[in-house]
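A single chain, nothing else alongside it, follows as structure tokens in the form predicted on its own.
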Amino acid sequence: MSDAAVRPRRRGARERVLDAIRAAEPLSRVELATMTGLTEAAVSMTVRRLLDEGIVVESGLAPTAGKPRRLLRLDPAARIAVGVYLDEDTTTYVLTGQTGGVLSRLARPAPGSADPETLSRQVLADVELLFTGAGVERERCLGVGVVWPGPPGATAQDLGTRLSAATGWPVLVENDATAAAVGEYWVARVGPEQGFAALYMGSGIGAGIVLEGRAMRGGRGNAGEFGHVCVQVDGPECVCGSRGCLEALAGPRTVVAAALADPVAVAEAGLDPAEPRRSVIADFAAVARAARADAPRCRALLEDSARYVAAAAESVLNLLDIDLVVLTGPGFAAASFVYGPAIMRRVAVADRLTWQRSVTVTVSLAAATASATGAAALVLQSHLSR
């Protein structure tokens, strides 16, 4: 493999300046030069253009021993983006400013049809309602991010094409875990030097991985299939065709199925096994609520799942040499009190004896709506260099 094939893309001055302000605003021009490695002249020229475009604003002075330095921030309202998350039960929409703050949010029952034409009509109508509720100008919208559970297939791509044709905006399509990772990078103001894995639990388990400020996507957009890490060589068959996958042994569907098969867990969680149309996310949340209330059978189901998730998480940490794990998605929003400590217990001994690192496991502040926020962040991220 050539050096060019593995060498990270060199980021331009504009992208480096904007990303530094995004991560650590407010900053002075001198601080920007230090953080980006650019000369003060290059920073001044780049900042002047960003001020002229209205993307960056000056906001006060930083006292120094000499002349006070003007501080710079992103103008939250200068550029906006739409995020759409099409889950099995609910479609979630967000409108965010360029700092990642949510300006408007809307949730709708999932459309009954997966037909791209039907979906596009529904999404267009809801996006219109989103803008009406926010009272912002459409001219400032950079585009739409559409997020799908798992790898986006032909239907997702077709939907993206239809939305772009109808709105005139670029539309980016991504899987939910990768979008959640980009959203965490953006909204939590993670610096570009901090690599991390965002473990995502919705109706399944996935991961988004961010290194050097960029989400890893792989050759076919399938990087981060955390749910298909093998944690038991001779384990049960998985829907992917392999055996012993994390998803099959410890995913939300497996936890819910075990709960529904156990009369004690059913009673603890208040589940109704006769319900004809079940929501994995809602049922898993019910199990988690019962576990938090010290219901022993539900707690045991989560603890068993968490052992496998922790083992797979340790493999990701070791493979990528990172020290930050973010738990996100509605599943971890409900049950991080079990999964977070399980991961920390799993990695603690080897971290101390062998790897000489200190792993941090955090829960995303926007875990419940991470994919929709991340969908909008995909658009914002794509415009850093423009």
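Computed from a predicted model, the values in this text were never measured in an experiment. When you see a residue number, it is the position in the sequence shown, counting from 1.
Below: the form predicted together with the DNA, not depicted.
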- prompt: Does the 4.5 Å heavy atom contact test between Ala350 and the DNA in the predicted complex come out positive?
  reply: no
- prompt: Can Leu38 be called a contact residue for the DNA in the predicted complex at 4.5 Å between heavy atoms?
  reply: yes
query: Can any non-hydrogen atom of Pro68 be found within 4.5 angstroms of the DNA in the predicted complex?
result: yes
message: My question is simply whether Ser59 lines the interface with the DNA in the predicted complex - judged by any non-hydrogen atom within 4.5 Å.
response: no
query: With the partner left out here, if you bring back the DNA in the predicted complex, are Arg29, Met45 and Arg49 all within 4.5 Å of it by some heavy atom?
result: yes
- prompt: Since the chain is shown here on its own, which stretch among 69 to 77, 229 to 237, 93 to 101, 204 to 212 would lie within 4.5 Å of the DNA in the predicted complex, judged by heavy atoms?
  reply: 69 to 77
